[in-house]
Each structure stands twice: as C-alpha cells, then as structure tokens.
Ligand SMILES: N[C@@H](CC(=O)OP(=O)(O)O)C(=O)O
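Next up is one chain by itself, shown in structure tokens, the form predicted on its own.
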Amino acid sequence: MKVAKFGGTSLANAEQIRKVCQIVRADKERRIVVVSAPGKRHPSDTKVTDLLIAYAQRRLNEGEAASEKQAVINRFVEIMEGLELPAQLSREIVAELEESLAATPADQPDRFVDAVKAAGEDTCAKLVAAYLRQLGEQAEYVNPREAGLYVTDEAGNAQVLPEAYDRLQSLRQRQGIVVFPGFFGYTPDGVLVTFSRGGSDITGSILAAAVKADLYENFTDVDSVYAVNPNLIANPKEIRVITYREMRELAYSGFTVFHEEALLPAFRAGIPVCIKNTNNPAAPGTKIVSGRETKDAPVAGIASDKGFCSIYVSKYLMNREIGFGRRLLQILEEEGISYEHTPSGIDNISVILRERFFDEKTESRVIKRIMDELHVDEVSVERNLALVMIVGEGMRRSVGVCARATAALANARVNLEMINQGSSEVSMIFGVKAADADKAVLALYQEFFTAQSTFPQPAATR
C-alpha cells in the first residue's frame, strides 16, 4: 500500500490534475492520495493559498474582500471546467467553498485565517475525487475530522496528537481510492487548525505512518533531490538514496523539496519515502531511508539559508561561572526567542538566531538584560549572516572533511564567522556573510563533488 502526496505545482491546473490522476490509476497500490492547494500555473502566477491569505487579511482589515474572494473561486472554476466536471457538481463544490470563505472573523482572527487557508486543500481534494470518479474509479473525498486527524490547538502551527494515529489507521480498510486534503486537522473539540506552511507533506507522512504504508511517495516538480540548489549549479549531482537524518538537516538549511517537519512520522514508523516528479513519473526519484551505504563520498549534499544574526557575549572566566549558559538562554526564552546554535569558547559564546525574531527593539532590550543580569565584558550583535551546511553520513568515518571545506572557502576568499559541528558528526555548519553564501556553496560543491577525481577521499577510520 502506498500513500501518494501531490504538491501545488502538480495540481496547478486541469492539465496537471489529469497527470496526477493518471499516476494514481497506474498503480493500484496508491490507495491514499493527499493533495495540496493548486500552486502556480506559471512563474508570475499566484498560489491559491496566497490568494486565500490575501482574502482573509482584507476581510479582517476592511470587513469585505469581494475581488479576492472571486479570484479564489475563479481558479477552481477554471480547473473544474478544464476537467469537464458536471455543472451541478461544480456548483456544489463552489457553494461549499463559498461557505468556508463566509466564516465570521469574530474575535478570533487566527481561527478565521486557518479556516480560510484550509479551503484550498479541501476544495482541491473534492474536485480530484470527483474527477477520479468521472474516470470510472471508486474514489472518495475524506475530511480530516471524519478520519480523526486530531491536532493541537496552535493556529498555523498544529502538531499531530498521538491518538490520531489509531483513528487514522481505519483508512486502510476503505475500498477504492481515498483523496485526503493536506495541511490541516481538527482539535478533539472540532476546531480546524492548520500545520505550518507547506504542511501537506506533514499530512502525507502522518497518514503513511498511521496506515503502515509500504511507501510514502511525495510528488513534486523535480526528478530528484539534488546535492545542491540547481539554481546555483547547472546539472548538479542527483541524490538517489539519502537518509532521514541527512534530509532533515538539508531541509533545515534551505532545501525546499520537502517540509522539514514532515519526515518525523515516517521516520518513527520506519516507512521509506520517495520523492518523484509528477511531470516525469518514470524517473526513479530520491529514496529517503533509515540507513545507506556511504562508500567513499563523505558529503551527500550542500545547502544554505540566509536571514540569521548572532549575539556575541564575552566574559573573562566564563567557563568557571556555573549556570552562565542557562541564564543567557533563559533571557532569550523569557523574550520569546528560539535559538539555532550556540558555538562557544573559554570566555565567549555566540548565539545564532533567526533575524525575523530579533528586531531592533528586541535587540536593545536583550542586550541591556545581558549586560545588567550577567555582568559581561562585551556583548554585540552581527546581522546579515547565512548558514552554509554540508551534510553526509560518511562524514562520521572520514578524516579531513573540515580541512577540505575550510581550505575551499579560504581559496574562494570567504571569511568564516562561525564553525559548528553537531555531536552526530553528520553535518557541519559554516556561518558567513549573507553576501558570500552563494560563493561559499559553489566552492564547497567544487571541492566535494566536481573535484573528486583530483582530491582523493580520506580513508575511513575503523
């Protein structure tokens, strides 16, 4: 049994939905289909989810948003007309969509926004199920509440509840094809709540784990995961097999192929994941598994992400001051700020943060608290940083990876602001100026991939 999830680009218009349905029908093991909201039809187009967010925001600000509402309806009408669905059925689907959009913001705007955003996936699932039936398949739309996809009450950031897996397991017993909307679930009290943006991947992974699928297929618009961003490198190396841990690290650092939270349910259930291309379903894709042979290549992929800053704190004899690190991080906790990394020395420590959580007012307040409460010698903030990461299970058994990486960056004249390696030794992170991020990625790709014939691999330790 397979669970197949299709992303927004796979469902952007009637032609794409026809491809999706052909893929589903080509393999009888694809019995659960998870859909996103329709994505962009062309580069300058707007995703349906973004149209819905624009509608919700204007409703909240001005009380009405007729043009934004019509833009959403028009997208779905265009798709249904292209699929030649019966007029009466199309009217029913549009009526249900309008009912979702008519929700009253009242005094809970977060709940209103979640309800509106979910309408994209929900409507898409209904019309995909209808088209499969039109093709002669036994297919049904299943609502997450009916199926028992219970989540926490965290608007825009829901987490699946443990009891959901037992309830969702019954989907395995249903006959025919189940078409399930991604991106949202319900609290046990029946309140609709969405996952974080891109959360349809999470839905697919949850369902695959719940029904104990043999494979979770995630269909997108690329043939495979690449070792580096293909917008930076022409024809980069394709990754055929990658581990959950490697993929999780790369997703954190900017890989947009797969939602970074989506791997956990599949990982815990031991279900392999395969990323495939809707427009080229014959391509083998990339398999995500628990373990793989690393052979002689220490690095599996390289990624980068911008939008970071660092708080540098220095105090003489810091290493002898019991509880210093805890009190520093407690200040951030009390300010509602999460941190990413904390590289440190004997008398200093840096805390890496996402810049979007650290505006100028927050910065001023945090610096004052650090000075007043921790009595440090120096505290400063550096902005406009990027984190560049090399990832690979083979790094744990290879000598000289860090030396090769830093030499490559030095030759490219990229100054390092920070180096950090986790205890798992599967990833190594380099902090650089945001302006140097692409240059750093190119230098590392050249070192570990295109130059492998001239740079022999270090022998693995035993």
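Counting begins at 1, following the sequence as shown. All figures in this text were calculated on a predicted structure; none of them were measured in a lab.
Same protein, other form: the form predicted in complex with this ligand, not shown, and the subject of what follows.
Contact check for 245, 394 and 427: none of the three has a heavy atom within 4.5 Å of this ligand in the predicted bound form. The shortest heavy atom separation between residue 121 and this ligand in the predicted bound form is within 4.5 Å.
Contact annotation: residue 47 falls within 4.5 Å of this ligand in the predicted bound form, judged by heavy atom distances. Among residues of the shown chain, residue 199 is one whose heavy atoms approach this ligand to within 4.5 Å in the predicted bound form. Shown alone here, residue 150 lies farther than 4.5 Å from this ligand in the predicted bound form, counting heavy atoms only. Shown without its partner, this chain lists 131, 183, 180, 308 as candidates; in the predicted bound form, only 183 has a non-hydrogen atom within 4.5 angstroms of this ligand. The stretch that touches this ligand in the predicted bound form, counting heavy atoms within 4.5 Å, is 32 to 40, out of 431 to 439, 64 to 72, 32 to 40, 406 to 414. Using a 4.5 Å cut-off on any heavy atom, none of the residues of 313 to 348 reaches this ligand in the predicted bound form.
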